[in-house]
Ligand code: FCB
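What follows is one chain in structure tokens, specifically the form predicted alone.
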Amino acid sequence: MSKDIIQFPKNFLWGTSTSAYQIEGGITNDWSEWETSSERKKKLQKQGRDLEEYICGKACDSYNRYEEDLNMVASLNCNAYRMGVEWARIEPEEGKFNEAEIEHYKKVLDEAKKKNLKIVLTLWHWTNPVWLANKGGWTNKEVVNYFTRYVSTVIKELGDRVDYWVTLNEPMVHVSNGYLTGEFPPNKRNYFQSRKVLNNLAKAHNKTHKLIHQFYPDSWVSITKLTNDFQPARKWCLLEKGLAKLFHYNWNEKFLRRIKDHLDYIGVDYYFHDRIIRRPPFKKNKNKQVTDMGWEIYPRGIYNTLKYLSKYKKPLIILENGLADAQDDKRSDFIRNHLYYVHRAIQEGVDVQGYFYWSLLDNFEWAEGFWPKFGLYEVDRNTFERKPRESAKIYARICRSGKLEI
């Protein structure tokens, strides 16, 4: 039986994504302090966990192996790469900027440019310098000024090497997990503080957007927005329809509405489909197929997400989409099936300009530690040796041709 071939647009961005803290290693910030705190260690010991698996430490040693990593990106036939810079490296003490670390990032970006990669640069990916955490982090009324001072340095030193900017990574995750559920640092459960943090993050983005455009008027600046596909379990049930709309507004809409006039594109992160029921815990997915983390695999959700975001009339770039799959037996189909729905959205007029798989390599997955394997490349935890998975070869073929067999 012959297969159909679907073709993506000529200038489509094919990429993969990483974040500084999750891969670089050797960073001291609010997360590293929390991971090694006695309270955190006691909690993990009670759960019978191996403490070393939950301390980022050297991560993937990408600080020293960035050339190897960029060679891997090139071998995937990607024309773009999303990476981060670490605020705590660049400004380890309040108002004091580390020239050696700025030079390091120049080397990384220059190496990427040698490989003709478009760079998507993330300025903040949930982690904060210790000095800022000690001042209350994103609850501090001066945090917007602190952040824009740091960003000003990045713009001046690195801005000519950047093609797309991400000011904030998934801000609602920091609001929710840091200040409502308490799962992430600073481990608060305080609604009023969560509101303050949300407001400060929105102000920081808007101010940073203006700042970048002062230096580079034609810049493309956005955030990454973790956008969930909320659907009522039963479309005829008014309560479930209402709940789905409420969750959608609070998670997907609220933050975007505050920054919609300061977006040149929207960075889309898609992982979750949420089937909403009328009783607690209000979510009950069918889970016909799940990732190693128990997340439902639901490719159509990326189509629903892109169709919703198209109402903002901005170009869309998918900056994260991936799964934990240590055996690599689902990843290839996961990528193909999601790309099928991305293409369908494009055919229907949605301006999708790129797809970045999360992640280039197995890395430190925040509170989950090292066990979830999201990488196209696996990483030996002792030697840091990188090896391509079979799915990496599949993705490389798609990136090279810009075509998908279905």
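Computed from a predicted model, the values in this text were never measured in an experiment. Note that residue numbering begins at 1 and tracks the sequence as displayed.
The next section is about a form of this same protein that is not shown, the form predicted in complex with the ligand.
Chemist: Please identify the residue among Trp31, Tyr377, Tyr341, Trp358 with any heavy atom within 4.5 Å of the ligand in the predicted bound form.
Modeler: Contact with the ligand in the predicted bound form is made by Trp358 alone.
Chemist: Pick from Asp325, Glu320, Glu240, Asp229: which residue has any heavy atom within 4.5 angstroms of the ligand in the predicted bound form?
Modeler: Of Asp325, Glu320, Glu240, Asp229, the residue with a heavy atom within 4.5 Å of the ligand in the predicted bound form is Glu320.
Chemist: Using the partner position in the predicted bound form, report whether Trp366 sits within 4.5 Å of the ligand, counting heavy atoms only.
Modeler: Yes, Trp366 is a contact residue.
Chemist: Thr16 near the ligand in the predicted bound form, any heavy atom under 4.5 Å?
Modeler: Answer no; every heavy atom of Thr16 is more than 4.5 Å from the ligand in the predicted bound form.
Chemist: Test of understanding: in the predicted bound form, would Thr305 fall inside 4.5 Å of the ligand by heavy atoms?
Modeler: Contact with the ligand, no.
Chemist: With a 4.5 Å heavy atom cut-off, would you call Trp295 a contact of the ligand in the predicted bound form?
Modeler: Heavy-atom contact with the ligand at 4.5 Å: present for Trp295.
Chemist: Is the ligand in the predicted bound form near all of Lys118, Asp163 and Ser222, within 4.5 Å of a heavy atom of each?
Modeler: The answer is no: none of the three residues contacts the partner (heavy atom, 4.5 Å cut-off).
Chemist: The ligand isn't shown here, but in the predicted bound form, which of 366-374, 61-69, 344-352, 33-41 has heavy atoms within 4.5 Å of it?
Modeler: Contact-bearing stretch, as computed: 366-374.
Chemist: Select from 110-140 the residues with a non-hydrogen atom within 4.5 Å of the ligand in the predicted bound form and write them out in sequence order.
Modeler: Residues within 4.5 Å: His125, Trp126.
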